[in-house]
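Only one chain is included here, represented as C-alpha coordinates and corresponding to the form predicted alone.
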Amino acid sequence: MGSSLTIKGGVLLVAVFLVLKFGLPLFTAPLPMSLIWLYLFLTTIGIVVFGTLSGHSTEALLGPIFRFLSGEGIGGATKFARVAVLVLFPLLVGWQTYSGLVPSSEPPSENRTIHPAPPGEFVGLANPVANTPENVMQGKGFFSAFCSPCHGAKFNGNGPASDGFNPPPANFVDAGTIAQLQESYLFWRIKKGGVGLPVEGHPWKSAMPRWEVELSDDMIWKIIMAEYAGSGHKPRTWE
(Lines give C-alpha, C1' and ligand atoms only; values in the text may rest on other atoms or scores of the structure.)
Protein backbone atom coordinates (compact mmCIF):
# COMPACT_ATOMS: atom_id res chain seq x y z
CA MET A 1 0.00 0.00 0.00
CA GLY A 2 2.85 2.35 0.89
CA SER A 3 4.43 2.01 -2.53
CA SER A 4 1.21 2.42 -4.53
CA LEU A 5 1.58 6.19 -4.87
CA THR A 6 5.16 5.78 -6.04
CA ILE A 7 4.07 3.22 -8.63
CA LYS A 8 1.23 5.46 -9.83
CA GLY A 9 3.65 8.37 -10.20
CA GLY A 10 6.03 6.23 -12.23
CA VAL A 11 3.21 4.97 -14.45
CA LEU A 12 2.06 8.56 -15.03
CA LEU A 13 5.56 9.63 -16.09
CA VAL A 14 5.83 6.72 -18.52
CA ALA A 15 2.37 7.50 -19.94
CA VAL A 16 3.25 11.18 -20.46
CA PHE A 17 6.46 10.20 -22.25
CA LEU A 18 4.71 7.71 -24.54
CA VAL A 19 1.96 10.17 -25.44
CA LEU A 20 4.39 13.01 -26.22
CA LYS A 21 6.95 10.84 -28.03
CA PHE A 22 4.72 8.48 -30.01
CA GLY A 23 1.08 9.58 -29.66
CA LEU A 24 1.29 13.29 -30.43
CA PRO A 25 3.23 12.88 -33.73
CA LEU A 26 0.21 11.00 -35.11
CA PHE A 27 -1.75 14.26 -35.09
CA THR A 28 0.83 17.04 -35.30
CA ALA A 29 4.55 17.68 -35.75
CA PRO A 30 6.87 15.73 -33.42
CA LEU A 31 8.13 17.56 -30.34
CA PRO A 32 11.88 18.03 -29.82
CA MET A 33 13.29 15.89 -27.01
CA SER A 34 14.27 18.99 -25.05
CA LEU A 35 10.60 19.95 -24.84
CA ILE A 36 9.55 16.40 -23.92
CA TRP A 37 12.07 16.40 -21.05
CA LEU A 38 10.67 19.74 -19.92
CA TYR A 39 7.14 18.31 -19.80
CA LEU A 40 8.41 15.26 -17.87
CA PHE A 41 10.16 17.55 -15.40
CA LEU A 42 6.96 19.57 -14.88
CA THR A 43 4.98 16.33 -14.46
CA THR A 44 7.48 15.17 -11.84
CA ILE A 45 7.11 18.46 -9.98
CA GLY A 46 3.32 18.01 -10.02
CA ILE A 47 3.61 14.46 -8.67
CA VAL A 48 5.94 15.58 -5.86
CA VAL A 49 3.67 18.51 -4.92
CA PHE A 50 0.60 16.26 -4.86
CA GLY A 51 2.40 13.52 -2.97
CA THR A 52 3.71 15.81 -0.23
CA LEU A 53 0.42 17.47 0.74
CA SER A 54 0.39 15.50 3.99
CA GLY A 55 2.73 13.42 6.11
CA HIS A 56 0.97 10.20 5.14
CA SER A 57 1.14 10.92 1.40
CA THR A 58 4.78 11.99 1.70
CA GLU A 59 5.67 8.64 3.25
CA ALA A 60 3.63 6.82 0.61
CA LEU A 61 5.45 8.63 -2.22
CA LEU A 62 9.01 9.06 -0.99
CA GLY A 63 9.34 6.31 1.64
CA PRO A 64 9.75 3.41 -0.82
CA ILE A 65 12.27 5.42 -2.83
CA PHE A 66 14.42 6.32 0.20
CA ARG A 67 14.29 2.76 1.54
CA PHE A 68 15.26 1.37 -1.86
CA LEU A 69 18.23 3.73 -2.25
CA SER A 70 19.44 3.30 1.35
CA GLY A 71 19.01 -0.48 1.34
CA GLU A 72 16.96 -0.39 4.53
CA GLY A 73 14.98 -3.57 5.05
CA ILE A 74 15.55 -5.00 1.57
CA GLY A 75 17.18 -8.19 0.44
CA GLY A 76 17.30 -10.82 -2.25
CA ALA A 77 16.28 -9.69 -5.71
CA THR A 78 15.45 -6.17 -4.48
CA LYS A 79 18.97 -5.76 -3.13
CA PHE A 80 20.42 -6.85 -6.46
CA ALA A 81 18.13 -4.41 -8.29
CA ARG A 82 19.34 -1.59 -6.01
CA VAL A 83 22.98 -2.31 -6.79
CA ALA A 84 22.17 -2.48 -10.50
CA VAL A 85 20.40 0.90 -10.40
CA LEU A 86 23.21 2.59 -8.45
CA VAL A 87 25.77 1.28 -10.94
CA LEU A 88 23.89 1.56 -14.21
CA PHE A 89 22.25 4.96 -13.71
CA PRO A 90 25.56 6.95 -13.59
CA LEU A 91 26.83 4.93 -16.56
CA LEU A 92 23.64 5.71 -18.51
CA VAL A 93 23.88 9.43 -17.76
CA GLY A 94 27.53 9.44 -18.78
CA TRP A 95 26.78 7.59 -22.03
CA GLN A 96 23.92 9.94 -22.90
CA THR A 97 26.15 12.95 -22.26
CA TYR A 98 28.95 11.49 -24.35
CA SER A 99 26.61 10.54 -27.20
CA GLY A 100 25.14 14.03 -27.29
CA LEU A 101 28.52 15.78 -27.44
CA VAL A 102 30.69 13.53 -29.58
CA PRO A 103 30.93 14.68 -33.25
CA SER A 104 29.27 12.34 -35.72
CA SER A 105 29.78 11.87 -39.45
CA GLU A 106 26.54 9.91 -39.81
CA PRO A 107 23.86 11.57 -41.95
CA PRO A 108 20.43 12.21 -40.42
CA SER A 109 18.06 9.26 -40.46
CA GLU A 110 15.66 11.16 -42.73
CA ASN A 111 16.10 13.47 -45.67
CA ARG A 112 15.62 17.07 -44.68
CA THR A 113 14.66 20.05 -46.84
CA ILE A 114 16.52 23.08 -45.56
CA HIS A 115 13.94 25.50 -46.94
CA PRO A 116 10.63 23.59 -47.18
CA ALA A 117 7.84 25.07 -49.28
CA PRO A 118 5.54 27.44 -47.37
CA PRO A 119 1.77 26.95 -47.29
CA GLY A 120 -0.12 28.42 -50.21
CA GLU A 121 -1.46 31.34 -48.16
CA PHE A 122 2.09 32.69 -47.80
CA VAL A 123 3.30 32.16 -51.37
CA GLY A 124 4.03 35.35 -53.27
CA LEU A 125 3.09 37.80 -50.52
CA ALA A 126 4.49 41.27 -51.08
CA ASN A 127 5.81 43.42 -48.27
CA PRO A 128 3.10 46.09 -47.77
CA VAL A 129 5.37 48.30 -45.64
CA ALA A 130 7.31 51.01 -47.45
CA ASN A 131 11.06 50.44 -47.41
CA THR A 132 12.01 53.76 -45.86
CA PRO A 133 14.92 54.56 -43.50
CA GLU A 134 12.43 55.16 -40.69
CA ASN A 135 10.76 51.75 -41.14
CA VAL A 136 14.13 50.00 -41.42
CA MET A 137 15.27 51.64 -38.18
CA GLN A 138 12.07 50.56 -36.46
CA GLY A 139 12.64 47.05 -37.78
CA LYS A 140 16.16 47.01 -36.37
CA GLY A 141 14.75 48.02 -33.00
CA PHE A 142 12.24 45.16 -33.13
CA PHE A 143 15.01 42.80 -34.26
CA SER A 144 17.21 43.87 -31.36
CA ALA A 145 14.41 43.26 -28.87
CA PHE A 146 13.02 39.97 -30.16
CA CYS A 147 15.55 38.34 -32.50
CA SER A 148 19.11 39.36 -31.59
CA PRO A 149 19.41 37.07 -28.52
CA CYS A 150 19.57 34.15 -30.97
CA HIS A 151 20.46 35.65 -34.37
CA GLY A 152 22.97 38.15 -32.97
CA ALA A 153 23.23 41.91 -33.07
CA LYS A 154 25.32 41.57 -36.25
CA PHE A 155 22.73 39.27 -37.92
CA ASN A 156 25.31 36.46 -38.02
CA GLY A 157 23.49 33.86 -35.88
CA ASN A 158 25.92 34.36 -33.00
CA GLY A 159 23.63 35.79 -30.33
CA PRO A 160 24.18 35.20 -26.61
CA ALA A 161 21.60 32.38 -26.60
CA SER A 162 22.73 30.74 -29.84
CA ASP A 163 24.92 28.09 -28.19
CA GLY A 164 21.86 26.51 -26.61
CA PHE A 165 20.26 25.43 -29.89
CA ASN A 166 20.86 22.62 -32.37
CA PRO A 167 20.60 23.42 -35.22
CA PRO A 168 21.98 26.90 -34.47
CA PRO A 169 20.07 30.07 -35.38
CA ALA A 170 20.32 31.14 -39.01
CA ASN A 171 23.24 33.32 -40.04
CA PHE A 172 21.64 35.99 -42.22
CA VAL A 173 25.03 37.30 -43.38
CA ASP A 174 25.67 33.93 -45.06
CA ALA A 175 24.67 34.07 -48.71
CA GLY A 176 22.97 30.68 -48.36
CA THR A 177 20.17 31.88 -46.08
CA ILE A 178 17.87 34.86 -46.61
CA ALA A 179 19.70 35.92 -49.78
CA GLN A 180 18.12 32.83 -51.40
CA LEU A 181 14.62 33.56 -50.11
CA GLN A 182 11.72 35.85 -50.84
CA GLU A 183 10.33 38.18 -48.19
CA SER A 184 7.12 36.16 -48.08
CA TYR A 185 9.11 33.08 -46.99
CA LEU A 186 10.66 34.96 -44.08
CA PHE A 187 7.23 36.29 -43.14
CA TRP A 188 5.95 32.70 -42.89
CA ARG A 189 8.92 31.45 -40.88
CA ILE A 190 8.79 34.34 -38.40
CA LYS A 191 5.02 34.22 -38.03
CA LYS A 192 4.65 30.43 -37.60
CA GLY A 193 8.06 29.50 -36.16
CA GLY A 194 9.56 26.04 -35.89
CA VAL A 195 6.25 24.45 -34.90
CA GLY A 196 4.88 25.50 -38.28
CA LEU A 197 7.44 23.54 -40.28
CA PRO A 198 6.02 20.80 -42.53
CA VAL A 199 7.21 17.18 -42.33
CA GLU A 200 10.01 17.71 -44.86
CA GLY A 201 11.61 20.16 -42.40
CA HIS A 202 12.29 17.31 -39.96
CA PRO A 203 14.16 15.67 -38.28
CA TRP A 204 16.13 18.72 -37.16
CA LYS A 205 13.35 20.82 -35.75
CA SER A 206 13.86 24.56 -35.59
CA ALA A 207 13.67 26.26 -32.20
CA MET A 208 12.27 29.39 -33.86
CA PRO A 209 9.37 30.71 -31.74
CA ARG A 210 5.93 31.33 -33.19
CA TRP A 211 5.90 35.14 -33.16
CA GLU A 212 2.38 35.71 -34.50
CA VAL A 213 1.08 36.40 -30.99
CA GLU A 214 3.74 38.87 -29.83
CA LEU A 215 4.37 40.60 -33.17
CA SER A 216 1.89 42.23 -35.52
CA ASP A 217 2.22 41.66 -39.27
CA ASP A 218 3.50 45.23 -39.65
CA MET A 219 6.27 44.58 -37.10
CA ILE A 220 7.27 41.34 -38.83
CA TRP A 221 7.56 43.02 -42.22
CA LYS A 222 9.75 45.74 -40.70
CA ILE A 223 11.96 43.11 -39.05
CA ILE A 224 12.38 41.44 -42.44
CA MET A 225 13.51 44.72 -44.00
CA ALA A 226 15.96 45.17 -41.12
CA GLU A 227 17.38 41.67 -41.62
CA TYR A 228 18.09 42.31 -45.28
CA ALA A 229 19.54 45.75 -44.57
CA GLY A 230 21.69 44.49 -41.70
CA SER A 231 22.98 41.43 -43.57
CA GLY A 232 23.80 43.31 -46.74
CA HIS A 233 21.52 41.19 -48.92
CA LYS A 234 18.43 41.85 -50.97
CA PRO A 235 15.28 39.71 -51.12
CA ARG A 236 15.16 37.17 -53.89
CA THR A 237 12.71 37.90 -56.66
CA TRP A 238 11.54 35.83 -59.61
CA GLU A 239 11.60 38.71 -62.09
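Only a predicted model underlies this, so the values are computations on that prediction, with no experimental measurement involved. A residue's number is simply how far along the shown sequence it sits, counting from 1.
Form predicted in complex with heme C: not shown, discussed below.
Does each of 147, 167 and 227 have at least one heavy atom within 4.5 Å of heme C in the model of the complex?
The answer is yes: all three residues contact the partner (heavy atom, 4.5 Å cut-off).
I'd like to know if residue 61 sits close to heme C in the model of the complex, meaning any non-hydrogen atom pair within 4.5 angstroms.
Because no heavy atom of residue 61 falls inside 4.5 Å of heme C in the model of the complex, the answer is no.
Indicate whether residue 40 is a 4.5 Å heavy atom neighbour of heme C in the model of the complex.
Result no; residue 40 lies far from heme C in the model of the complex.
Counting only non-hydrogen atoms and a 4.5 angstroms cut-off, does residue 30 reach heme C in the model of the complex?
Residue 30: no contact with heme C in the model of the complex.
Taking heavy atoms only, is residue 51 within 4.5 angstroms of heme C in the model of the complex?
Close contact is absent here: in the model of the complex, residue 51 is far from heme C, nothing within 4.5 Å, heavy atoms only.
Choose from 159 to 167, 77 to 85, 120 to 128, 94 to 102 the stretch whose residues reach within 4.5 Å of heme C in the model of the complex, heavy atoms counted.
Among the candidates, contact is made by 159 to 167.
Out of 209 to 232, which residues reach within 4.5 Å of heme C in the model of the complex, heavy atoms considered?
Heavy-atom contacts within 4.5 Å come from 209, 211, 215, 223, 227.
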